[in-house]
Ligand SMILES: Cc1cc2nc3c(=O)[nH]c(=O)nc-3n(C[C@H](O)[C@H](O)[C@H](O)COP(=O)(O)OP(=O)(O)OC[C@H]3O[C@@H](n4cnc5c(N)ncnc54)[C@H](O)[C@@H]3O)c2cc1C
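Below, in C-alpha cells: the form predicted alone, a single chain.
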Amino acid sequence: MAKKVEIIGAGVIGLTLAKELARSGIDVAVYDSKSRVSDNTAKASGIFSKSGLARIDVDWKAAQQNTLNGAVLYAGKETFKVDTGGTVAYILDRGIFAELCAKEAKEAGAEILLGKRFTREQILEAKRDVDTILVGADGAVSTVASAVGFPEIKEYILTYKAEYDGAWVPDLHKAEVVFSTSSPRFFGWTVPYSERVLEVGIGISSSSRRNSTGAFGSFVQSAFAQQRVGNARKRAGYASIIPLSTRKRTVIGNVLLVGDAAGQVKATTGGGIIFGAACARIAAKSIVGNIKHGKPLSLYEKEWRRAYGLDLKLHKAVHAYYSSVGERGFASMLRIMNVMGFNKFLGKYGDMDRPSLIIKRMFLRNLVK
C-alpha cells in the first residue's frame, strides 16, 4: 500500500491537490523545475467565474485585479452582448494567485520542492515504487503522461496574448470575444485589467499549420484591435498551449493525471482552473481512500467523469459547432440569438463553467411557462 504522494507540477491544480492531501494527513511533496511558483503563470488569462471561485478553497482576494459583469461577442458585422447586471467573474493576477495557493499548501503541511526537474527515467522509477502514488499535474504537454503511456490528446489550441498599457477599454467590466478568419477553430479576445491596461489575445488550432505569434500579429493589426490598442505600449507577451479534449484514461496503476495534463479544460474558452481544481479534490479523496482504506485509485477516473464529464463534453460540442460554421455562420447564429433575446436569458441564467445547468434552466423555464 502506498505511503506517500509525489506531485509533478506546482501550478494551481497541483498545489490544490497537495493542500487537500496534507490536510488529510498524507505525506505529499510537489516538484517543479521553475524557481518560483509564479513563473510562467501570466501565459494564461486570469478570468475566473464567481461561482467557480466559490468552489475553490483558496483566499484569492489579494490577487483580484478587476471584475466582469458580462461579455460582448463579435462576428462579421454582428454583435451579441450579455450583461448579467452584477459580478459574474473576477480577473486575478495569476502569479499572486499561485503564490497564495502555495502558501496555503505549505501551511497545510505539503512540501514544495522548486528547481527540481523529473526526467522520464525518474518518473518511471516512481511508477515502479509500490510506496508511491505519482500525480502528473504538469500541464497540457505532460511529461508524466508521455512517459507512462497515457492516451494522447489529438488537438490543442495554441495561444498568444499580450498586455497593452494606454489602451482604449470600451467597457471596464466586459470581456470581448471575436470570431474571425484570423483564429481558425478558436477566437480572439480582450480582457480589461484596468481603465488603461488591456489584454489582447488569440487562439488557433494546432491543426491549422500556423503559429500563434503570426496569427496574433495579424489580429492585432485588424481594425477591431487597432481601435483598442492603437499606439498603446505592449508591455509583455506570452505563448501557451491548451488541450482540446480529455484523455481517454487518467489513471494507470499508481499514476494519476489532473488538470491540463488530464485534459480537464473547457474546450469553449480554454479555461482549466475551475474544473482542474474540482477534479483535484476528487483525486485527493481517491488517494486518501487508497492509502487509508485500500480502495482502488481507479475510483478517481469514475468519480471525476461522473461529476464533470458531461459538462466537459458539452463544452467540446459547443466548440465543435462554432469552429465548424466559420465567421459567417457564427455571425448568423449571433443574429438569431439577438432576435430570440437569448442574451437576456444568458444574463440571468448563464453559467460560464456548467453548460449542463444552462440546459436544465432552459428546460425548467419552458416547463414553468
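Computed from a predicted model, the values in this text were never measured in an experiment. Sequential numbering from 1, following the sequence displayed.
The next section is about a form of this same protein that is not shown, the form predicted together with the ligand.
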Open item on the list: Can you tell me if I13 lies within 4.5 angstroms of the ligand in the predicted bound form, counting non-hydrogen atoms only?
Closed with: yes
TODO: May I ask you to state whether I241 is within 4.5 Å of the ligand in the predicted bound form, using heavy atom distances?
DONE: yes
Open item on the list: So, A331 and the ligand: in the predicted bound form, are they within 4.5 Å at any heavy atom pair?
Closed with: no
Open item on the list: I'd like to know whether Q65 contacts the ligand in the predicted bound form, with contact meaning heavy atoms within 4.5 angstroms.
Closed with: no
Open item on the list: Only one of 311-319, 334-342, 298-306, 45-53 has heavy atoms within 4.5 Å of the ligand in the predicted bound form; I'd like to know which.
Closed with: 45-53
TODO: Answer with one of F150, Y164, Y156, W189: the residue that has a non-hydrogen atom within 4.5 Å of the ligand in the predicted bound form.
DONE: W189
- [ ] Any residue of 124-144 with a heavy atom within 4.5 Å of the ligand in the predicted bound form counts; write them all down in order.
- [x] A137, D138, G139, T143
